[in-house]
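First, one chain by itself in structure tokens, the form predicted alone.
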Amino acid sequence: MIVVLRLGHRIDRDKRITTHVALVARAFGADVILITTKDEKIKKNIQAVCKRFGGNFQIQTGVDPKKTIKSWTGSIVHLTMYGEELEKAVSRLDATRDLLVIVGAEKVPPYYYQVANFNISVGNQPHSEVAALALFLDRFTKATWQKKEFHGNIQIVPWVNGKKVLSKEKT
């Protein structure tokens, strides 16, 4: 199981970024996203995507991050600019253990660096947490996310020219 813990969602400022973190988590192989700020709108938006496009992805908001971490029995990964290089760290992760992936929105307090089993640097330049999560999940899952079937009402089919959409929805 892969769970993404989103720290510091600021409703007015981060709604699109946090939505994109959730969408990347879902599409790239995570099972759950936990968001520390209570936000019913983002929860409903992600649930609507899951309903239309399929999958068993779960979202919770208003989560206490320290309680989550204290009860976690698997590995904890914190994505940052200041950690171990992505490729080296991913090779040391045990893919059979549950994984909690911490993704910050603003400056992350030292506590999270200390409790993480792995502080993983996805590049050492300022960048988007959306990109960091996508690259990490791609490497960790060995790109198996590309073959995942979601069995939704809408399916986007890879196509060279134009769009190919299969829909079971009533129009």
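Worth saying up front: this structure is predicted, and the values here are computed from it rather than measured. Just count from 1 along the sequence shown to find any residue number.
One more form of this protein exists, namely the form predicted in complex with a small molecule; it is left out here, but the text below deals with it.
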**Message:** the small molecule is absent from this chain, but in the predicted complex, do Gly104, Ser121 and His127 each have a non-hydrogen atom within 4.5 Å of it?
**Reply:** yes
**Item:** Residue (of Ala27, Cys50, Val108, Ile69) lying close to the small molecule in the predicted complex, criterion heavy atoms within 4.5 Å
**Value:** Val108
**Item:** Contact residue in the predicted complex, from Leu34, Ala132, Ile46, Ala116 (heavy atom within 4.5 Å of the small molecule)
**Value:** Ala132
**Residue stretch of 36-44, 108-116, 137-145, 58-66 approaching the small molecule in the predicted complex, non-hydrogen atom distance within 4.5 Å** = 108-116
**Message:** Can you tell me if Ala95 lies within 4.5 angstroms of the small molecule in the predicted complex, counting non-hydrogen atoms only?
**Reply:** no
